Each structure stands twice: as C-alpha cells, then as structure tokens.
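Taking the form predicted alone, here's one chain by itself in structure tokens.
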C-alpha cells in the first residue's frame, strides 16, 4: 500500500483529484467508483474546478457509487444520490445515464443487488475506487464483522455508524437502519483503490487498516490484499502510524524517480 501524507485536508483533496484527473485524461471512458462523506467533498470540488478551468472532460466517464440508505428517495436531502448531484454530477459534463447510485427504494433488494453487480461487470469493472473510512475502520457500509468476500447487498448499520451520521439527519431516530452497499469483495476487484482520510478521529482506524492485521472487524484492513492501493492522509489521520518516516522516505524516492534523479535523495 502506498501511503501519501499531506499537510491538511485541502492537500488530501488536491492530491486525490490529481490521481482521478490523470486517469480521466488517459482513459476518457474510464469507470470511477465514488464515495460520499466529508472527506471526498474537497476532491469533488477540485474535480469541478479542473473541469471548469482546465477542460477536464467527463463526457464518457461512467461512475458507480458505493452505497445508499434504504428507504430514501433520490431527491431526499440526505440520500447519496442527492449528495452526488449537488456536489459533483450537476457541475460537470457527465451523462446522467452513466452515473449509478444504488436504489434505496428497490422492490426486490436481492435481485437489485445482483443487478448492480452485473452493471459493474458489464462496464468492464471499476478502474479507480475512491474510499473514505469510518472511525471504526469500515469501508462503504461494510460494518465490523462483514465478510471480506462480500458482494453488493443489504447491510444493517451499527450503533456507532448511526451515531456518526445522526448530525446529518437531526437525530439518531431519523437515521435509516439499513443500507445497500458494495461488498468488500466487490471493492477489492477494482483495479486501483484510493483511500482518503483526514482528521484525528480517523487516526486509530488508519493505523489498524495499514499496519494492523487483516480482520473482518476492520474491513478496510482487507485493502492490504489489494495489489494497488494509494492511501492519502492528512497529518492528523497519519499521526499514529509507526512506519510514517518510512512512508515519507518512499514518497521522496518516488519523486526522485519521476524527476530522473536516481542518485542521492535529499531529506
């Protein structure tokens, strides 16, 4: 796992958007896996800027979101479809038909989840999957204890997740108890994963994800099994990493290679 430490959440956003933009320019018909939450917001704002100011073209891009609350309509202010429209899709030149967010009001959830998996497969799989991380180490809505081989399915939210999200709904009693989520196994099939984290509240989960054992109790730890994961963290999220100095040295070496300086790497 490549670990990049930026000074602050703004640096995380810029670096993450840079990786996505490079892919979009290289492969205009790429498939992006997208996440909601506070951390990806800055990334989306930067992608919008790149579109408006530098002509970043999303006209052939296809997207799949990780998850959605069960019971919320696409226009509900707390639905993830609404989030994506407000914070990205309505501000770039992407074809609405190519933006996929799970349907929280599907009539047959088992059939719908299988359908969502087929849609991803039919597009050739996800090229770059953006991920946030919960304070308990979960990715998407794969709560602690989720199978590391799981596929898109219904998932019951934990009390901790409900508490974390209560601020968006005006209280815990308003938070849906179920969500549709891509499974850990689905996520691991992406060609590349981009894990974003900012803030001290994510530090413990990041340490366990990157340096702890692989366990279903920290579903993000399964990313250690993936062949190409880039974790972009701010200083606060990275503060508990025991091998942080090594990760910084790796990035200095990477920069030296990219600039053609293969000799001494200055600190």
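Quick caveat: nothing in here was measured; it's all calculated off a predicted structure. Positions refer to the first chain, counted from 1.
A second form of this protein, the form predicted together with a small molecule, is not displayed here; the remarks below concern that form.
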Discussion item. Would you classify residue 133 as touching the small molecule in the model of the complex, given a 4.5 Å non-hydrogen atom cut-off?
Written reply: yes
Practice prompt. Would you please decide whether residue 209 lies within 4.5 angstroms of the small molecule in the model of the complex, comparing each non-hydrogen atom pair?
Written response: no
Item to complete: Would you please decide whether residue 37 lies within 4.5 angstroms of the small molecule in the model of the complex, comparing each non-hydrogen atom pair?
Response: yes
Worksheet item: Is residue 202 close enough to the small molecule in the model of the complex to count, meaning some heavy atom within 4.5 Å?
Response: yes
Discussion item. Can you work out which of 167, 97, 118, 173 has a heavy atom no more than 4.5 Å from the small molecule in the model of the complex?
Written reply: 167
Fill in: Heavy atom contact within 4.5 Å of the small molecule in the model of the complex, the stretch among 238-246, 38-46, 219-227, 56-64
38-46
